[in-house]
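Before any questions on binding or motion, here is one chain by itself as structure tokens, the form predicted alone.
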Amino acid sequence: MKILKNVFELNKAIKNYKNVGFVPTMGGIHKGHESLIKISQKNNKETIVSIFVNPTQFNQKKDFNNYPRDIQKDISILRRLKVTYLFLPEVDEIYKKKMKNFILNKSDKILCAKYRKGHFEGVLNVMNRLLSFVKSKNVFMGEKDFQQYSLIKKLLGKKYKVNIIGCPTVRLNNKIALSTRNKLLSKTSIIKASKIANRLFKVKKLSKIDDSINLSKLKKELENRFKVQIDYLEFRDEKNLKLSNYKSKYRLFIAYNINGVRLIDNF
């Protein structure tokens, strides 16, 4: 595996991106990332993974500082997976080039964009830069961060004429979606998160035969029972993220804080 630390090394190493898949990450490589990498390897001759913890998408400095990092472990996992290239830039390398910042439309300020001011602007700005450096035609992203995947596909997929490919969420046996932030959870919080996930799987299943589920009531019930703070609990259309009318494919979205750790999921 070649480790590339700047755009010069990147351009020197990769001349033709025709059969190179791209998996952008913030590190803390887990089985979910491994799944993305394996899908890329199945569909491309070579795969490049980026690891960059982007400061502009964090609402709080404390959250940025606490984000789990273990680069040596990540490198070991990527080598085991036989990843071809690792792009490992510093902040100055990513942001040295002047590029126009993204501003979300009012219609896009829903779900996490409503509760994390500036978060997706930061995500779109860093992905805009990464896609200008890494010119792969196939970019693989997890569906756990479904709003992120949707926005990048809508706003950057067309701009760079790349395929933003959504890959299924990988879960533990207890139904918790894999996330780097899970490393910050206590054992008690893991048990609670598992119970919440299992409950929401049942609610999603029930919604297919009963579209009158009272989500406001369910939200209060979950908050009281598990001592969590829920930002949103909403059924939304899978294609455009509008509130669901249950006539086309939809998902149940949730974001909540549990003992200071923010988790998101969809079912």
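Since the structure is predicted, the reported quantities are computational estimates derived from the model, not experimental observations. From 1 onward, residues are counted along the sequence shown.
Keep in mind that the form predicted together with a small molecule is missing from the display, and what follows is about it.
Although the small molecule is omitted here, in the predicted bound form none of P68, D74 and K183 has a heavy atom within 4.5 Å of it. Looking at 171 to 179, 110 to 118, 89 to 97, 130 to 138, the stretch with residues near the small molecule in the predicted bound form, meaning non-hydrogen atoms within 4.5 angstroms, turns out to be 171 to 179.
Taking non-hydrogen atoms only, S150 never approaches the small molecule to within 4.5 angstroms in the predicted bound form. Taking the partner from elsewhere, L36 is found to have a heavy atom lying within 4.5 Å of the small molecule in the predicted bound form.
Contact annotation: K219 falls outside 4.5 Å of the small molecule in the predicted bound form, judged by heavy atom distances. Of the heavy atoms in M26, some are within 4.5 Å of the small molecule in the predicted bound form.
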